[in-house]
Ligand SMILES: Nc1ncnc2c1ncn2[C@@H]1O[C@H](COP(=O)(O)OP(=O)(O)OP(=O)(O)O)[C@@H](O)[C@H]1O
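Below you'll find only one chain, the form predicted alone, shown as structure tokens.
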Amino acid sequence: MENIIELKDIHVSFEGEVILDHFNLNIKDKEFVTFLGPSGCGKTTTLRTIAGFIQPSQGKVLFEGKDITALPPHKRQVNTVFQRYALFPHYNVYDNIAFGLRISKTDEKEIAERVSEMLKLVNLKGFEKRNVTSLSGGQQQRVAIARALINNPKVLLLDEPLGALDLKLRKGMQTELKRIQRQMGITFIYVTHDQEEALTMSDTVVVMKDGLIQQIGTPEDIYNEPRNPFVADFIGESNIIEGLMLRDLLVKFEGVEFPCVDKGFGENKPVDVVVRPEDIEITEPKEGMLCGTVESVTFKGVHYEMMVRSENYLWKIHSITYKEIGTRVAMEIIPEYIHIMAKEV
């Protein structure tokens, strides 16, 4: 796929504080791309730079290879859906969706056809005459999406649009957004600090921290092969402990040697070891195994979350096997579930 958007050496600062510095990113056409990171990491600033609401003091924004850095927002082939949907409360659903077409003086017959298409797309057929203030949060969001898509943008920007919805509705809308993106066949660029949201919907995840890209990859790559401790800890839950890479395919941590699948770190090199809580199996203690004592147990519905204290580390373990507090247990970890990271300098 070709790049639809390229950010080249972007610099943005506010009141002397640098938000993006020498920021570079390519976004491919027809992808669902998510900017993921904690508050203040620069993800919304990046989105607004693409939209044209923020003008970088340095660098270029390219759209299909053409420099659009100085182009105002209304002349870019992108539309934005905000967390606050910015619907017109005195308009009904039909008029809200039709607004952009009427501004461009589109024929009313064509408007009616395209509004009908959008209502079908977002599953709001029959809601044309409803006042938007009478709609639920999820329905209002669908109206905002339809209004943004009716102008046929090549890129849709979404700035934490599910943040105001309750958990069940948010999960349903995640599926809906992915369906709409596939059906429309356009690029979606999504901003969130919710890791599950990013993993559920995205083709590509861009993990950010302090205005810098920490890792770019598929949800599977980001989750299973985190590049550094920040990514490992931010995406899902992780046990991150100090280890010693004895040689290729063999690592030692907590005094126990474990076969692993990683290589190329050298011999007797300090490393960080990442093990996900769900990848640890609780067994009976035996000689030479990694052992610990259960300090707490919390029922999470699909599993128990246990905190197990070994000699030097408090492990988080997700297991369907219940163990009482104070029980001595062993922890088995197969080689494929051990991820090795080089120590950060």
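Predicted model, so just to flag it, every value in this text is computed and none were measured. Counting begins at 1, following the sequence as shown.
Another form exists, predicted together with the named molecule; not displayed. Remarks below refer to it.
With the named molecule omitted here, the record of contacts in the model of the complex names 31-39 of 31-39, 65-73, 297-305, 275-283, defined by a heavy atom within 4.5 Å.
When contacts are judged by a 4.5 Å heavy atom cut-off, Tyr322 does not count as touching the named molecule in the model of the complex. In the model of the complex, Lys154 stays away from the named molecule, with no heavy atom inside 4.5 Å. Taking the partner from elsewhere, Glu332 is found to have every heavy atom lying beyond 4.5 Å of the named molecule in the model of the complex.
Among heavy atoms of His193, some come within 4.5 Å of the named molecule in the model of the complex.
The candidate spot formed by Phe14, Glu17 and Thr44 lies fully in contact with the named molecule in the model of the complex, as each residue has a heavy atom within 4.5 Å of it. For the candidate set Glu225, Glu254, Glu128, Glu160, a heavy atom within 4.5 Å of the named molecule in the model of the complex is found for exactly one residue, namely Glu160.
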